[in-house]
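Take a look at this single chain, the form predicted alone, given in structure tokens.
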């Protein structure tokens, strides 16, 4: 279950960002997960809740946003959804020179902070 290491990495990145932004809590983390990323969203959600315990993310919601896979044929430029398991032979020319345009994403898209540390008052002028 590599979802635990992914969840731990997400928690670490967001916790570091919280410090930089003066946030004291996190409400929601939105994560893009590509169709071909090899991640089971339900397992990731379970691991995320465990990884958040005792951190600034404790109690935060995880929303996974699925990203469909899209491939493009190099020679004829046709684009198609390769499906799962991926079919990377061009449906027009049958060539094997496909490039995956989307579907491997695994990144934090957005974070909603739940609390922030008030900034220090400006010094008198």
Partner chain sequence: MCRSSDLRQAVLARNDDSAALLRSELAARGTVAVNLLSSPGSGKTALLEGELAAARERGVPVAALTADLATENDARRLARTGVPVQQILTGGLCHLEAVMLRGYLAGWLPPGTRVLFLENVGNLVCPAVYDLGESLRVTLASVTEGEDKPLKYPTAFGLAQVVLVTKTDLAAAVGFDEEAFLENVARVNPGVEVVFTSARDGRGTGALLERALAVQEGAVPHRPVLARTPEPAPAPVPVSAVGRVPTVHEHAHAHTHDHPAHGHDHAHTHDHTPHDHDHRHDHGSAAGAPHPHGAPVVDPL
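Everything numeric in this text was worked out from a predicted model, so none of it was measured. Residue numbers count along the first chain shown, from 1.
We do not show the form predicted in complex with the partner chain, though everything after this point is about it.
- The closest non-hydrogen atom of residue 19 lies beyond 4.5 Å of the partner chain in the model of the complex.
- Heavy atoms of residue 61 never reach within 4.5 Å of the partner chain in the model of the complex, leaving it off the interface.
- Among residues of the shown chain, residue 56 is not one whose heavy atoms approach the partner chain to within 4.5 Å in the model of the complex.
- When the partner chain is considered in the model of the complex, residue 43 lies well away from it, no heavy atom lying within 4.5 Å.
- Residues from 29 to 65 that approach the partner chain in the model of the complex with a non-hydrogen atom closer than or equal to 4.5 Å are 31, 32, 36, 37, 38, in the order they occur in the chain.
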